[in-house]
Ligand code: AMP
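Next up: a single chain in C-alpha cells, the form predicted on its own.
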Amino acid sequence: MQLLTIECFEGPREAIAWCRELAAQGLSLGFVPTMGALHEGHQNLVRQAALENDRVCVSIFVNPLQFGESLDLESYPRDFTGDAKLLNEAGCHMAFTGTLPEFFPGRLDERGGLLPEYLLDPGPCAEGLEGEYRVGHFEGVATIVGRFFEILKPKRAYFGQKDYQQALVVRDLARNMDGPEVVICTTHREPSGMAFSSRNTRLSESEYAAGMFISRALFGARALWNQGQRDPAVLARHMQAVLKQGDLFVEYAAVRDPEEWNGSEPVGELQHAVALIAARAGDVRLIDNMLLSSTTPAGA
C-alpha cells in the first residue's frame, strides 16, 4: 500500500497559506480544479501537471453555482478521502475543499447564494450549445475558477478537453486575469471509447451501451473529415444518424469552428472544426467532443 504523502485541507485558508509558502520558495504550482468523484481522466491531468511544475494542488469542490438542476447537485458523489488517495497515487502534493461561504466571505445573500455583482461574465465562448442547455452554468464555472486563480495564484491550470466549451471559457478568463497559463489536455477514454466521466458510474448496463454511440458518432465524423469532408452540416447529419442507433435523447450533435466560436451554426466549408455532442442516456446527461482538424484551443 502506497504511503499517503499528500496534504489535505478542509478549508481554503490552509490551502492559501500552503501556496504562499510555495511561492516564497520560488517553486512553480500546477493547479487542477475538480468537483471530486475522481477517475483516471483526472489523474492524467495531475500527472501532466506534475511533469511541468514543482508542485501540484487540486481543489475538490462541488460548486453549487454551476448546477442548474438541484437534483443533479444533490446526487453528485462526494468522497474526499477516496479522492485524496487517487490524487496521491498520481503525484499530487496538496488537495483542499471548502464551502461557498469560505470561498466568498461576505459576498453571499441571506439565503446563502452569491450576490449577483460577484458573478463573472463567462464571455463569448459560453454562447450556444452548453450555454443554451445549461443556463448559468458557465457563469458559475468562471466565478469559482476565477476565485481559485485569485487566491492560489498558480503558474499553470489544467483542464480536460472533454469539457471543450468550458476550456475555452476558462482560457479567456485566464487571459483577462493575466494568468495563469491554461493547459488543455486530451480527453482520456475508456477501452470502449467512452470518455472518462464521473457520470459513467451512474449508468446501467443498457444505458452505458447506448452512451457508446456518442463516441462512435464522433469517431465517424473524424473519419469523414479525414476523407476530405468539410461541410459542417454533412458532418452533423452523420453524427445524428449514428446517435439514432442508440437509446438516447440527443440535445445536440454539432460542429463548430474552434477559432471563431459563437452561438450560431457555421456556414460553408471549414478549415478547423470540432464536433460536439450532448445526449441523455436515461437520466444521465453525457457530453463529449472530438477535434476533427489538428487545431487545438488557442493558449493550450
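So that there is no doubt, residue numbering starts at 1 and follows the sequence shown. Keep in mind it's a predicted model, so treat the numbers as computed, not measured.
Note that the form predicted together with the named molecule isn't included here; everything after this is about it.
S.K.: Is there a heavy atom of Arg171 lying 4.5 Å or less from a heavy atom of the named molecule in the predicted bound form?
M.R.: It does not: once the named molecule is placed as it appears in the predicted bound form, Arg171 has no heavy atom within 4.5 Å of it.
S.K.: Given that the partner is absent here, does Thr34 sit within 4.5 Å of the named molecule in the predicted bound form, heavy atoms only?
M.R.: Looking in the predicted bound form, residue contacts with the named molecule include Thr34, since a heavy atom lies within 4.5 Å.
S.K.: His39 versus the named molecule, in the predicted bound form: is there a non-hydrogen atom within 4.5 Å?
M.R.: Looking in the predicted bound form, residue contacts with the named molecule include His39, since a heavy atom lies within 4.5 Å.
S.K.: Any chance Thr143 has a heavy atom within 4.5 Å of the named molecule in the predicted bound form?
M.R.: Although the named molecule is absent here, Thr143 would stay clear of it in the predicted bound form, with no heavy atoms inside 4.5 Å.
S.K.: Please tell me whether the candidate spot formed by Trp225, Arg230 and His272 is one where all three residues come within 4.5 Å of the named molecule in the predicted bound form (heavy atoms).
M.R.: No, the whole trio is out of contact, none within 4.5 Å by any heavy atom.
S.K.: Residues in which of 97 to 105, 203 to 211, 82 to 90, 183 to 191 have heavy atoms within 4.5 Å of the named molecule in the predicted bound form?
M.R.: Result for this chain: 183 to 191.
S.K.: Using a 4.5 Å cut on heavy atoms, which of Leu45, Leu65, Met239, Val255 is close to the named molecule in the predicted bound form?
M.R.: Of the listed residues, the single hit is Leu45.
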